[in-house]
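Shown here is one chain on its own, the form predicted alone, set out as structure tokens.
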Amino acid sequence: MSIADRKDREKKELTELILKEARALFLEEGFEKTSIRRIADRIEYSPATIYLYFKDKNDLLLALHQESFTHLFEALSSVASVPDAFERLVALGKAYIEYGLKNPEEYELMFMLSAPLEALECRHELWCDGQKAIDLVKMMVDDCKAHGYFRKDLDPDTTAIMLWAQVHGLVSLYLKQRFKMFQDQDQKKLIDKTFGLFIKTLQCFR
């Protein structure tokens, strides 16, 4: 391995370490209470080292935010091979729920902390990753309309928001342990049953 290759590998490994520990601290202590120095102490480097990789704390947070969305879109890409428009929409919902349950830290960072959007607002930037996510749902709603599964007059914006709210609600309730009140039921099976019932209600959109 050349010196340049070794330096590139070390840079990548340190970047991943910074992101990993920053994510943990943001979730444990909150974005406002977490400082660059606190992150540096956690990884046993100086704050100056972190500033070589990230401009400031907002830059670090948004890098985590973008990384998490990249993982989410990778997980959702598997539904593209489903041939039927309605079944593809259902598969999208299932893939979203599965991702959220398996990646609680990333999910909370993307959808349950206000800090990433506040950081974007400070930069006068739009929430492009969120827009990309909702556009994906809207595209599938339009596809269902084109194939006769939904009425032609159905508004894609409000329908997409409703679909997103349903799966987000299930994931959020699970991650925040609100399903523990149903002690006599398997929580993940309860999510599956609830989502299945929701899918049946979509027949009303024909």
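We call the rigid core whatever largest set of C-alpha positions still superposes within 1.5 Å between the two forms. Note that residue numbering begins at 1 and tracks the sequence as displayed. Because the structure is predicted, anything quoted here is derived from the model rather than measured.
Keep in mind that the form predicted in complex with a further copy of the same chain is missing from the display, and what follows is about it.
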query: Joint contact, Leu17, Ala48 and Thr70 to a further copy of the same chain in the predicted complex, by non-hydrogen atom at 4.5 Å; finding: no
query: 4.5 Å heavy atom contact, Ala24 to a further copy of the same chain in the predicted complex; finding: no
query: Interface membership of Met139, a further copy of the same chain in the predicted complex, 4.5 Å heavy atom rule; finding: no
query: Gly30: touches a further copy of the same chain in the predicted complex, heavy atom cutoff 4.5 angstroms; finding: no
query: Contact label in the predicted complex: Phe54 to a further copy of the same chain, heavy atom within 4.5 Å; finding: no
query: In the predicted complex, the residue from Ile161, Leu62, Ile43, Ile36 that sits within 4.5 Å of a further copy of the same chain by heavy atoms; finding: Ile161
query: Heavy atom within 4.5 Å of a further copy of the same chain in the predicted complex - qualifying residues of 169 to 195; finding: Gly169, Leu170, Ser172, Leu173, Lys176, Gln177, Arg178, Phe179, Lys180, Met181, Phe182, Gln183, Leu190, Lys193, Thr194
query: C-alpha of Trp164 moved at least 2 Å between this form and the one not shown on rigid core; finding: no
query: C-alpha of Phe69 moved at least 2 Å between this form and the one not shown on rigid core; finding: no
query: Cα-Cα shift for Glu106 and Glu32, closer or farther in the predicted complex, minimum 3 Å; finding: closer
